[in-house]
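In the form predicted alone, a lone chain appears below as structure tokens.
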């Protein structure tokens, strides 16, 4: 084990990970557990003695295509998992930013929720088992490689969204599902005064479509031109027989909302979706910040319009992505230069949380980021979260400062 100066280890096996954690425990070292850093825009700064880099603990641990189950080590990237499953026409719907770099463990620990979850389920719904190294070095396993109904509490779910503060995910087992026969995207520019009607119509189609995302701005990251009310991207995933009917239904709904034209995209529709997902955590140097709010798309439309009016006097530019099917809202604020932006950021953070108390920061590299309300208003279960942290990591050595239990600013 290195001396007190902050150092790093990169275990390649669960045994090596366990040994590193035990040694750190014996030296009373605090640990920073890191994946590829694709979700580093979320959470507070970790104060630790030792970095544990998980990207080398990778690979497929077990795969049963006939049973629709797969086990992977936590450092495996989403792209690597996708490639293995695609050979068997299977998929695990995780829909996180930058899948070529993002790890399974980091994505689950970050609790990232993608735009297709309303149809295919949340990532936690697909997890059927985990192996975790606890703060004291013990190895804890729950679930397995068999899909079954669980009547009690499934501990595997507890680590998802805990940001590595309860235990270190080492292996994850998933139930997977067949890839739909056909995938198509439909894009459209939105004329003036059509956004609310489009959101309503897309919500009415949520059982047939996999994603419906309304976009204002983000031209650096996402293809397409805005109409007066932005632009829309819809994803269809269905059978060969039903694809044309789903296309007609979607275009018909857009026509009813006042959108006269729509473009069919059959070449690279998943790449189109991925660019939108990546945009949710994209920064413009040190002169932008992106918030994410979960909930009600209709309410978000009203509140974000009010937010835009309140922010207009600051000179900041506001860009939006609205997930019509799940109700998520991404808001990115930016300025012409980083110094001007930093001078306005604290006031703007307060304005954002006046309109969206539960807004969390998902992307920002400004030096004053840590002074902001990065986690928004505390959830009602915050005391229970504190109790869980004390039970699983009584010495608070796992990712101290990263999540709600240790923050004082949110």
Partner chain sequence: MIQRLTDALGADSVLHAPEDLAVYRFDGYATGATPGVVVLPRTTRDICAVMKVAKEFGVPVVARGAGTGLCGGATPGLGAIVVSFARMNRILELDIARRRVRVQPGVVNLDLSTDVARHRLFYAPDPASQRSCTIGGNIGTNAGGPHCLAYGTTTSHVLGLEVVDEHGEVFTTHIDDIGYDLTGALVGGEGTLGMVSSAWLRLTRMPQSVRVWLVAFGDIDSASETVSAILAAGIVPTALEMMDATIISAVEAVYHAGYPTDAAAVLLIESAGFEEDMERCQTDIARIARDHGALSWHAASSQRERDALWLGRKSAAGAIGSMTPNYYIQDVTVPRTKLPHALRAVEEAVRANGLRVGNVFHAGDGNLHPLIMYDKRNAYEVAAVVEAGTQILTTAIALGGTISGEHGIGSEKRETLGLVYSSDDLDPMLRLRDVFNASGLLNPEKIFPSGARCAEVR
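On a predicted model such as this, the values are computed, not experimentally measured, just so you know. Positions refer to the first chain, counted from 1.
This next part talks about the form predicted in complex with the partner chain, which is not shown.
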{"item": "Interface stretch in the model of the complex with the partner chain - options 154-162, 304-312, 212-220, 275-283, non-hydrogen atom within 4.5 Å", "value": "154-162"}
{"item": "Proximity to the partner chain in the model of the complex, single hit among 370, 350, 51, 67 (heavy atom within 4.5 Å)", "value": "67"}
{"item": "Contact assignment for the partner chain in the model of the complex, among 82, 338, 247, 208, heavy atom within 4.5 Å", "value": "208"}
{"item": "Contact test, all of 298, 379 and 388, partner the partner chain in the model of the complex, heavy atom 4.5 Å", "value": "yes"}
{"item": "4.5 angstroms heavy atom contact with the partner chain in the model of the complex for residue 189", "value": "no"}
{"item": "Residue 45 within 4.5 Å of the partner chain in the model of the complex, heavy atoms", "value": "no"}
{"item": "Partner contact for residue 241 in the model of the complex: the partner chain, 4.5 angstroms, heavy atom", "value": "yes"}
{"item": "Non-hydrogen atom contact residue 100 with the partner chain in the model of the complex at 4.5 angstroms", "value": "no"}
{"item": "Contacts with the partner chain in the model of the complex - residues in 107-126 whose heavy atoms fall within 4.5 Å", "value": "113, 122, 124, 125"}
